[in-house]
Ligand SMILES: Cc1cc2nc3c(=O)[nH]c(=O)nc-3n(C[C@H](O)[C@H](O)[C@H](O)COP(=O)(O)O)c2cc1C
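A lone chain, given as structure tokens: the form predicted on its own.
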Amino acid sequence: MQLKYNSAYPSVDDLIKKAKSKIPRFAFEYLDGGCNEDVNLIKNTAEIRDIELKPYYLTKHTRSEMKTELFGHTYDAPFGISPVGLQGLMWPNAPEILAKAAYEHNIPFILSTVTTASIERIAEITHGRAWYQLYHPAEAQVRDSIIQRAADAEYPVLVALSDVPTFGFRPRDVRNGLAMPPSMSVRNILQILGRPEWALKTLIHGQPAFETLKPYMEKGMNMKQLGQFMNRTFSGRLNEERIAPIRDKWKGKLVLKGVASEEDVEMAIRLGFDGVIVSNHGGRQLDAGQSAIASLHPIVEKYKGQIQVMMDSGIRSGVDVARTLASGADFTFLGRTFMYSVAALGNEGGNHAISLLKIQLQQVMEQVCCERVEDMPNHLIK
């Protein structure tokens, strides 16, 4: 696919500024913020950018190739789109926009259980190539139903989420009424009126809802009932007992997302996972934890080659992708960058972000004289 991006927005900072001007403040702060005092949110990005790469300018070089094989499929780039909750709140139809762009660019899109498009709709858009992220339901019947729907829709990879045993404490969301149960204040309504394009498109596409969960919800729930449903339905803490039936029922590839310790990777291998995504939920869960890149280093050193080791959290640009690959990750995922782009550019946001990331990564690979993604660790300055 031809790579083409909007030259008015050549950096993530440009997209952030534009997104902030186009969507209500409560939606932007839900996307942009971390938890507590944002300490880990800031560390995530800062510590990735401490990583330096070594170029070899006199080495013979033919071309740099971004294609990467993962779980039997060759993707056109070593990055994908992370699962993000409530995407339609930040920009109407956002998951559909991103899933379409991911399919066209041949990169993976991970659908969150708590976003605003259904399992079936995203499978249709991606022709069965999307991955599905499972928030663990409290009831076995709901769990089994969701897993069966993902299997029926031919999702190749199921991603079990491990790093939300409890909902993170996010002061911005509390102030904005986006905690559970959610509420809509006069201030929020005024913010909506100040963003007419967002309001009109929301009117056209309909109020964002948890589409995958609709079969399990009573019709006509008010805000309070919705909050009670969410608290009642999900029990996010995984353990060996809860993982075993998921592994038994899911016949495709199984990935554990939210890994931040060697002990959890050791258990993931023992329980039959095919891959792990080292992540701290974008700094939205544990402010006192390590950055994702700090957690990655010992995991790669001990387990690379035994299980697919991937990473998200703190990766914003193609240069950050290169830094993370050089640190030993087999594959990477980004969330906020894609959402900033869709909020800024609407239907063109997905293609813009993917094209920009590919161009940036290609430039770094050529600059340091790296021909294959798997050779990026040879350029890490330790």
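All of these numbers come straight from a predicted model, not from anything done at the bench. Each residue number is its position in the shown sequence, starting from 1.
What follows is about the form predicted together with the ligand, which we do not show.
- Shown alone, this chain has one stretch from 348-356, 313-321, 50-58, 65-73 that lies within 4.5 Å of the ligand in the predicted complex by heavy atoms: 313-321.
- Within this chain, residue 230 is remote from the site of the ligand in the predicted complex, having no heavy atom within 4.5 Å.
- Mapping the unseen interface onto this chain, residue 217 falls outside it, with no heavy atom inside 4.5 Å of the ligand in the predicted complex.
- Of the heavy atoms in residue 281, some are within 4.5 Å of the ligand in the predicted complex.
- Contact between residue 142 and the ligand in the predicted complex is not found at the 4.5 Å heavy atom cutoff.
- Distance criterion of 4.5 Å from any heavy atom to the ligand in the predicted complex singles out 161 from the list 309, 161, 157, 260.
- Put simply, of 255, 213, 299, 90 only one has a heavy atom within 4.5 Å of the ligand in the predicted complex, and it is 90.
- For the stretch 68-85, the set of residues having any non-hydrogen atom within 4.5 angstroms of the ligand in the predicted complex comprises 82, 83, 84, 85, in sequence order.
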